[in-house]
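One chain is shown next in structure tokens, namely the form predicted alone.
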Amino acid sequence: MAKSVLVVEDEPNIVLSLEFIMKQAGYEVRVAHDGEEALRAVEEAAPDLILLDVMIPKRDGYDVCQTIRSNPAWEGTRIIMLTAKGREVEREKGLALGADDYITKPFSTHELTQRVKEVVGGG
């Protein structure tokens, strides 16, 4: 069975490219456009991986990450934060809140696919 990826991103062009990249790599993909939608999607069916933007509406990516990490039922879900916020302090905050990886935008599709495979395995 294919691994599942939840893309949490509010920018339509980025959603389209992430969805395409992950499907090409063999993953099942779902999309959420804000923090609350993301948490509802995780409650419905916890994905193997969440590609989580930091700057999203309703609840930011840091809050979503922290909420997921505080629930033992979701401990198997990996989180990669994708963000334009590239300062070291922001990276450290994301990792401290429980993200498994932190990738800054813009990113190469090859690098993203490689990092996803390192975190959750092949699609």
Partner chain sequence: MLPAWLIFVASFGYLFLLFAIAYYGDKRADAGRSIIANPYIYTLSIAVYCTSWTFYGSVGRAASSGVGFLPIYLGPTLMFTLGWFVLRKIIRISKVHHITSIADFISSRYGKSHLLGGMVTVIAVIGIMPYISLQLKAVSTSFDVLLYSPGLNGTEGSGDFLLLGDTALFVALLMAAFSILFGTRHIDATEHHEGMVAAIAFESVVKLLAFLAVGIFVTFGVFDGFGDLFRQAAAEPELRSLMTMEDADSGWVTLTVLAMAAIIFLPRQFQVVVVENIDESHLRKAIWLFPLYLLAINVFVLPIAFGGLLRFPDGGIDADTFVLALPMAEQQPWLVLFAFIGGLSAATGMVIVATIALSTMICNDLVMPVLLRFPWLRLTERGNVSGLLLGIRRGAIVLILLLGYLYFRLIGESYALVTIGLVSFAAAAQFAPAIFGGIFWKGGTRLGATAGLSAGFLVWVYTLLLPSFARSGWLPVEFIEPGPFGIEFLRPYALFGLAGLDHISHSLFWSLLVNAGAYVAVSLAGRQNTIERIQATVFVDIFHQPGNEAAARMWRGSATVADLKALAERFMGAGRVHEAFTGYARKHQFDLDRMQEADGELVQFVERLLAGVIGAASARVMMASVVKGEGVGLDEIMEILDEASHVLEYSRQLELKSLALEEATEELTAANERLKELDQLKDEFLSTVTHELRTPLTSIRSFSEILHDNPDLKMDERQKFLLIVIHESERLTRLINQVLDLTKMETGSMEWRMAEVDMKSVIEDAVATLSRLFDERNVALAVNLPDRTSVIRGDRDQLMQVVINLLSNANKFCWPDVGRVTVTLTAGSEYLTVSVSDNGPGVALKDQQQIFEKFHQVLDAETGNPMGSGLGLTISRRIVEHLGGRIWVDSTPGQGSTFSFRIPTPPSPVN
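None of these values were measured; they are calculated from a predicted model. Residue numbers count along the first chain shown, from 1.
Quick note: we don't show the form predicted in complex with its partner chain, though the next part is all about it.
Under a 4.5 angstroms non-hydrogen atom cutoff, its partner chain in the model of the complex has H33 among its neighbouring residues. The closest heavy atom approach of K93 to its partner chain in the model of the complex falls outside 4.5 Å.
By the criterion of a heavy atom within 4.5 Å, Q24 is counted among the residues contacting its partner chain in the model of the complex. Heavy atoms of Q114 never reach within 4.5 Å of its partner chain in the model of the complex, leaving it off the interface. Contact with its partner chain in the model of the complex, judged as any non-hydrogen atom within 4.5 angstroms, is confined among 42-50, 93-101, 56-64, 73-81 to 56-64. Residues of 8-25 lying near its partner chain in the model of the complex, listed in sequence order, are D10, E11, N13, I14, L16, S17, F20, I21, Q24, the criterion being any heavy atom within 4.5 Å.
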